[in-house]
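Okay, here we've got a single chain as structure tokens, the form predicted alone, with questions on binding and movement later.
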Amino acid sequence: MLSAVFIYNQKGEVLISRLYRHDVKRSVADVFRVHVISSPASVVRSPVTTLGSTSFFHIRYDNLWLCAVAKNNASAAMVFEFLYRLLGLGVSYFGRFDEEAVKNNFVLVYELLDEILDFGYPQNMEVDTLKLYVTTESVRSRNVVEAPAPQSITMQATGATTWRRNDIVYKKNEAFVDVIESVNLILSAKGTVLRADVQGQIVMRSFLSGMPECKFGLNDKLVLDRDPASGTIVNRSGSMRVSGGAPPPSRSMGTRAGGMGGVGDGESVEIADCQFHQCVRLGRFDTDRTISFIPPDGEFELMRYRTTENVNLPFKVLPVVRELGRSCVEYEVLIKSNFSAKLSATNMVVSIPTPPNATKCRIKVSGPGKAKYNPEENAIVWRISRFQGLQETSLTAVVDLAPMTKPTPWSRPPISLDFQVLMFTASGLLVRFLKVFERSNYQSVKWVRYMTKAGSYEIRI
């Protein structure tokens, strides 16, 4: 698998050097520094660089370069997963992972590299498990309360649930669920949808005692006709509580507008593909589509998914751009929100491209927000701090153009949107229930929050 792992600072100085096999020498670190770090950015674009029979896999984070070296035909996906896991370990141990943190804790970094790699093969990289027996003095006061018993370390490292200890105790047992979606759209100049899909993730923060068994249900199309299990969910955006499998009160926030709605419309969602955390029992999901798992302690990503059917677009953009000869360009942009009137979008930014030879802009906004011309980006930047649902706003602008010695046609880049909408899901995904079972039979409170944000949301002009 891997022959060596190096960590460099932004100047190319080696901070950490760990060799795992004899097929490479320490001097290979200089090869990567010369051919990758010291090369212009326009020359090195790929995260994988192959020189002869040696492959260098690297990622950049803050002011660090993390590089893995392999001589054989290693799986690139596995190598990058290892590098990002190593990055996550550093953030978990040090609070941040930068040059200063690595220098101050280099002993711990070497100890972690010895634990997570054996002869170049990745081993156990669960943070909670490693913190049981990687207890260097520099982090003991922050991460380790007391030294665990040797037998508990053995059970944790070799047991079936390496991601969780069995002696966790909380005074108040809570589970927080965040459904976060990124909606991607490419709309043609004629209004035809060229691409519309949603990439979502379900992030859970678990503060539960013992070894709880959790069951999680969604309004997946394959389980529409099944009776939902009972559970209790509290809506974090207000004091709304849902018992059983009935649609949550967020449905009362408004009906679907023009085919677009918020959360809890009772419809099913067809999930194209999904990925789960290792704690999920995939056998049960294949059988009855129920997500059953023993959650890790703290925050983790439970699931990733993608949908391509019946995407609820939160905004409709109607642009009209007219080029009046070579002297000016007129813009008329109308934006309509397609979600409930009780919801609102925040931190909305609309970028409207202008020709590179634009000199002056006269802008008028009818509705919320303020707009100004940004010559550095060759765009009119329209910022709307809060945009209510079922509303519309418009912008008109006249852009003066400077004469050009060699006139070239304007490429007309697309209009792009950035936004966030709470308690709205573009896919229509709904958490139907979340049940927690534990031997002590304690009462737990569950909270759920939905958020949709812009991924690549572009409208061609």
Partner chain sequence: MKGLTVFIADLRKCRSHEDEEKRVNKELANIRTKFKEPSINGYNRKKYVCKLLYMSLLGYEVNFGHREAVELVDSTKYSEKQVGYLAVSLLMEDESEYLRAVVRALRRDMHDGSEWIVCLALNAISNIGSREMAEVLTSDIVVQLLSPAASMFIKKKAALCLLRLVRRFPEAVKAHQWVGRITPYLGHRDIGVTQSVASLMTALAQQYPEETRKAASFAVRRLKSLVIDNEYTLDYVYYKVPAPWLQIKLLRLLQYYPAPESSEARSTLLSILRHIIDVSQDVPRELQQMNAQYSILFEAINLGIHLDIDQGLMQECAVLLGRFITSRETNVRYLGLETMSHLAAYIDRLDSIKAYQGVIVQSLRDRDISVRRRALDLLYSMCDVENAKAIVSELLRHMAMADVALREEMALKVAILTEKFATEYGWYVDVMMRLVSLAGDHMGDEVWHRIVQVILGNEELQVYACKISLQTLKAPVCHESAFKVSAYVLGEFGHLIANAADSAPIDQLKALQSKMSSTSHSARAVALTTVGKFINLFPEIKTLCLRVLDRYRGALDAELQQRACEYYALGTLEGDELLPTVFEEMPPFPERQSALMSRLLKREANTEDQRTWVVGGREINRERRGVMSGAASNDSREAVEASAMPVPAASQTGGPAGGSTAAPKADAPAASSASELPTDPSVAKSMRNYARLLWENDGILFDGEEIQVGVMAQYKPPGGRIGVFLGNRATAPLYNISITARAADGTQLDIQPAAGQETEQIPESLMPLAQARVFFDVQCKHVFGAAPTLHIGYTVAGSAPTVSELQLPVTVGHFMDPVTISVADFFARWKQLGDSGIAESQHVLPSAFLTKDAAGLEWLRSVVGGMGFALIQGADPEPNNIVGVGIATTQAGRFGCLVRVEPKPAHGLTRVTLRATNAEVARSIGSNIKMVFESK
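Between two forms, the rigid core is the largest collection of C-alphas that superpose within 1.5 Å. It should be emphasised that the depicted structure is a prediction, and the values quoted were computed from it without experimental measurement. Residue numbers count along the first chain shown, from 1.
Although it is not shown, the form predicted in complex with the partner chain is what the next lines describe.
S.K.: Within 4.5 Å, heavy atoms only, which of 269, 358, 279, 313 is in contact with the partner chain in the model of the complex?
M.R.: Selected option: 358.
S.K.: May I ask you to choose, among 163, 93, 373, 305, the residue with a heavy atom within 4.5 Å of the partner chain in the model of the complex?
M.R.: Here the answer is residue option 373.
S.K.: What stretch, of 26-34, 45-53, 429-437, 404-412, brings heavy atoms to within 4.5 Å of the partner chain in the model of the complex?
M.R.: Residues of 404-412 come within 4.5 Å of the partner.
S.K.: Within a 4.5 Å heavy atom cut-off, is residue 400 in contact with the partner chain in the model of the complex?
M.R.: Yes, residue 400 is a contact residue.
S.K.: Applying a 4.5 Å heavy atom distance criterion, does residue 288 contact the partner chain in the model of the complex?
M.R.: So residue 288 does not count as contacting the partner chain.
S.K.: Would residue 273 sit within 4.5 Å of the partner chain in the model of the complex, counting heavy atoms only?
M.R.: Although the partner chain is absent here, residue 273 would stay clear of it in the model of the complex, with no heavy atoms inside 4.5 Å.
S.K.: Is there a heavy atom of residue 378 no more than 4.5 Å from a heavy atom of the partner chain in the model of the complex?
M.R.: Within the cut-off, so yes.
S.K.: Examine residue 11 after superposing the rigid core and state whether its CA is displaced by 2 Å or more between the shown form and the other one.
M.R.: Yes, the C-alpha position differs by at least 2 Å between the shown form and the other one.
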